[in-house]
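What follows is one chain in structure tokens, specifically the form predicted alone.
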Amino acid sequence: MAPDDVSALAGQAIVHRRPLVAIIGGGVSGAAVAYHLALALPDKPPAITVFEPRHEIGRGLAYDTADPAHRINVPAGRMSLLPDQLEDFLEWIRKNDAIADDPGAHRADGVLFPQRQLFGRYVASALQPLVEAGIVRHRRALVTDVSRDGTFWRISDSQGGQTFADYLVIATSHPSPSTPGNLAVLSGHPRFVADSTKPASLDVIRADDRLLVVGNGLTAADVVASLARTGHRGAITSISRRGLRSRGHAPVPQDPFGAFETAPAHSATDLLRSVRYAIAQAEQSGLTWHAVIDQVRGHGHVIWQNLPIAERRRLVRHLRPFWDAHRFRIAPQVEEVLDQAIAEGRMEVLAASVASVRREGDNINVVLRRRHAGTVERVYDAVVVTTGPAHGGILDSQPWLASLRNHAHLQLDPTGLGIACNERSEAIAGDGKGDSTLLISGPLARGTFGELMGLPQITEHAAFVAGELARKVEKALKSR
């Protein structure tokens, strides 16, 4: 059922008390669970409450940005709230003439990379009829505490409200990046940006500032593109331990290549060997590495499930930076900005880490430890941290999550990528058993399900979680 059809669910009579499903987090992960759950039970939908402080459900941190330099990293034709209708977003764009004021969204090959906020509008527009019909309740508040109260989950929020839910879904985002310890001395510096995802955080950077960006991933690319749009012309040094920069998309569309499901690897070494072999074969067929990595992504769940925990940890520890650089590609418009800055000599990408920092007035003296090349000292006017989410700190990132952990309802996944859950996406409690009333949706379930950071996988997983919930709710209604 397409987003425009959901208004038909309004006015359904509910004979018995409906089970209440509470979803903490109204970004794409949480919004998609609410959307697919409502559609899965059109005759007797459960009561659904989404806790999201933003003014709309569906935007979240990723798609709430107003910066026109921020663009989706996946072609619009592969972005969709509906896993079985991959062009739904593209059709919505055409129907609403949504990029009429964004000519830069068009690429020469016809592929669209619109501004990121547009996808947030699309998801929000799909949820709005459900909110207006009263099927989904948008609670504009932050969750402050969650506890067990008999058979219910008691959820307290920043507006002083309390909600008692039969089922609870955790769909929050990863915690903000943690400031590297040796940069703590910069706390209070007027041009030290510890979290560039905060609105207007880059406004402190002046046009001629010499800038150090700590991190080389997607967020770093967004920072450079945003500053270029506002006229920054100072020198930029972008560093990461391996000097890996986010890659762009293939020059032409390609079908995924490789067979990773038929004989899944059972070790990180075997997986790496098979990927390299597939890339060599792809090149002989006139394809690029992009096709192989796309196949690995598509087969990610099977690959992950066949790896022992120890091998998953090896992958995370040694190969995740390489995976992130190749899997999470930057939009062509952003890639062009970075390429131009490098070609003009205004930007350098180094394999380095921060050895030491000292302040001299507003100047920031940094000693960089270059990989296999000794140290070098540089002077900067500004420093921006873009090291990515602090995955391992998720359960300490918010008091209510810490409380659930302290009461043995949650535990960290052994890979350190998120929250431990089973194959039904049920949170694994302290006793090692899954809790049928507590589910994890989105990237926080990555340790169990593998690749859950890209939008297509996020919506697929959300639809799966919604299906699990629908079966639980139907069973509960039948037992009454």
Ligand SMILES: Cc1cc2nc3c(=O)[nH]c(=O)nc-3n(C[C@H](O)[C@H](O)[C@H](O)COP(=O)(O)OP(=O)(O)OC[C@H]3O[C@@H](n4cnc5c(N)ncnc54)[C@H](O)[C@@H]3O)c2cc1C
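No experiment lies behind these values; they were computed from the predicted model shown. A residue's number is simply how far along the shown sequence it sits, counting from 1.
This next part talks about the form predicted together with the named molecule, which is not shown.
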Query raised in the report: With the cut-off set at 4.5 Å between non-hydrogen atoms, does residue 19 touch the named molecule in the model of the complex?
Result: no
Query raised in the report: Taking heavy atoms only, is residue 27 within 4.5 angstroms of the named molecule in the model of the complex?
Result: yes
Report task. Verify the contact flag for residue 454: yes if a non-hydrogen atom of it lies within 4.5 Å of a non-hydrogen atom of the named molecule in the model of the complex, no if not. Result -> yes
Query raised in the report: Does residue 73 reach the named molecule in the model of the complex if we count a contact as any heavy atom within 4.5 Å?
Result: yes
Requested in this report: Work out which of the listed stretches, 413-421, 55-63, 35-43, 432-440, brings a heavy atom within 4.5 angstroms of the named molecule in the model of the complex.
Outcome: 55-63
Query - The single option of 118, 143, 205, 126 touching the named molecule in the model of the complex, heavy atom within 4.5 Å - result: 143
Requested in this report: Kindly indicate whether 171, 400 and 458 are, all three, within 4.5 angstroms of the named molecule in the model of the complex, using heavy atoms.
Outcome: yes
Query - Residues in 205-240 close to the named molecule in the model of the complex, defined by a heavy atom within 4.5 Å, in order - result: 222
